[in-house]
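One chain comes next, on its own, written out as structure tokens in the form predicted alone.
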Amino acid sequence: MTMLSRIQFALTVGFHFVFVPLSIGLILFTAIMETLYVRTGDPKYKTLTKFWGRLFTINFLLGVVTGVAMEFQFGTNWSRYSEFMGDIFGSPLAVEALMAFFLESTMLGIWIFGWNKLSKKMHLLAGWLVAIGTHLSAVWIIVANGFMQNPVGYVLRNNRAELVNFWEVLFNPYAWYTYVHTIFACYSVGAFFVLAVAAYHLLRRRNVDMMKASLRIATVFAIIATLGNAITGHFNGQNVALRQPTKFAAMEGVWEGGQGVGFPLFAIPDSANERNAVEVGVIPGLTSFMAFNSTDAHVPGLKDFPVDERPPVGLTFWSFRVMVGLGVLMLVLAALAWWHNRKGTLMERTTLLKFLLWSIPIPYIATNLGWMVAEVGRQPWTVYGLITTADSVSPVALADVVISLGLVVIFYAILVGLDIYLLVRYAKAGPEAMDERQAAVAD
């Protein structure tokens, strides 16, 4: 029962996270394009704003549906969890719906139908307010999740966690480290989406001038995002080492705690025997340094904690390592594209353009692996140190969970398929293919 409910929630979040990072990354790119249009008056940037904004709108509207369905699961599959901390979890979600979602939805309508009805600056303001709304939505969702990772601002009363300090929950350090890291990940998804679409058109010598302009900005966007991810990831890891030592030990494959813990360049964790079956190229003291800025710092190992309080080590370890590897790959691809575009040799680098075209899944996989590290690494707790996942599940019939899981898979697969179909169709059509009817609606 618990495992099926976990699978269902993981699939729901995984599907939802196909939409969210692209929306956040793409709306910021669209707002930048419109800013260039207002500042320069170049109609090229107006066409590009409408092109990327249309792809954002498709993705955003379909993503809203997946977010609504996800929240129902707190009441159906996780009623004991909702009863335990609904007082705290409900507050940020309510603010997100009333403030952030209302702002982005209202401003999106004004932005879509406001072309030639608003002044350039007022229309640009509407676009930036949509971008601010999407970023604020992420704030409140991650604040709610931050309490699950690092409970603060509460008291235990009548077997429930009750809110006593809203501001302590809002400014939970765990939430803000995660937020900044997640936002850079969203920018990576948006940047590589733009790079892939631009590469598609450049390979076919279509819309060359506009796609070169998009690619030039997207490469800078991608480099800043991937470097930002690396820097914030380091500080996020130090925060995890301080507040969730079991997760950090699982991420790094540390079984024996101690001072001056080394970092293996390659390792294969062996949970059954509580050791790493393979360790290659151990750099002395590096894990201690990464965790606490000292090569002699003490780092707890997994053996310092009871077996039933350790997360799944293999899944946490490999999710973290593959995520880091994909981040390095994205930085290399973005840097190569920026360099060849700057030197004017990108059009001849067809292999690189093909790599960029097929690179779309890379940031999606990396961001989902990051969430797996955060959520799987928190196990066996739903709320760290307070309530376990096993104690959070609803007392519902097994058949009900099986049926709802099947429906979730079918429903979400249809939504993701529709999203991919529409994005591919309109992205391949290009910015100059907007027919008269679409242009009339947009204007």
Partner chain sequence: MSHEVLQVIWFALWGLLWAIYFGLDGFDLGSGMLAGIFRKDEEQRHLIGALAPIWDGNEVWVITAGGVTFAAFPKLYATMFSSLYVPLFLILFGLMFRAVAIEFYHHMDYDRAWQRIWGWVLSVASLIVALLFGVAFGNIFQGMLLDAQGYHGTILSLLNPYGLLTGVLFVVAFLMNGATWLAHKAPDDGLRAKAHTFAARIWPVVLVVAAGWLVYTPFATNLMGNFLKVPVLFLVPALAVVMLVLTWVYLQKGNHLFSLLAGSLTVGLTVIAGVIGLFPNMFPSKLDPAYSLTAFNSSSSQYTLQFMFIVVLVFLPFVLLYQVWAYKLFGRKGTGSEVEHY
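Since we're looking at a predicted model, the values are computed, not measured. Residue numbers count along the first chain shown, from 1.
One more form of this protein should be noted, the form predicted in complex with the partner chain, which is absent from this view; the next part is about it.
With the partner chain omitted here, the record of contacts in the predicted complex names 115-123 of 115-123, 363-371, 305-313, 260-268, defined by a heavy atom within 4.5 Å. For the residues Val282, Met290, Leu331, Leu93, the 4.5 Å heavy atom test against the partner chain in the predicted complex is passed only by Leu93. When the partner chain is considered in the predicted complex, only one residue from Ile387, Val376, Val401, Val38 comes within 4.5 Å through any heavy atom, namely Val401. Although the partner is absent here, Phe166 lies within 4.5 Å of the partner chain in the predicted complex, judged by heavy atoms.
Shown alone here, Ile32 lies farther than 4.5 Å from the partner chain in the predicted complex, counting heavy atoms only. Within 4.5 Å of any heavy atom of the partner chain in the predicted complex lies no heavy atom of Pro173.
In the predicted complex, Trp381 stays away from the partner chain, with no heavy atom inside 4.5 Å.
Taken together, the three residues Phe72, Leu103 and Arg425 all come within 4.5 Å of the partner chain in the predicted complex, as judged by their closest heavy atom. Residues Ser394, Val396, Asp400, Val401, Ser404, Leu407, Val408 of 378-410 are found to place at least one heavy atom within 4.5 Å of the partner chain in the predicted complex.
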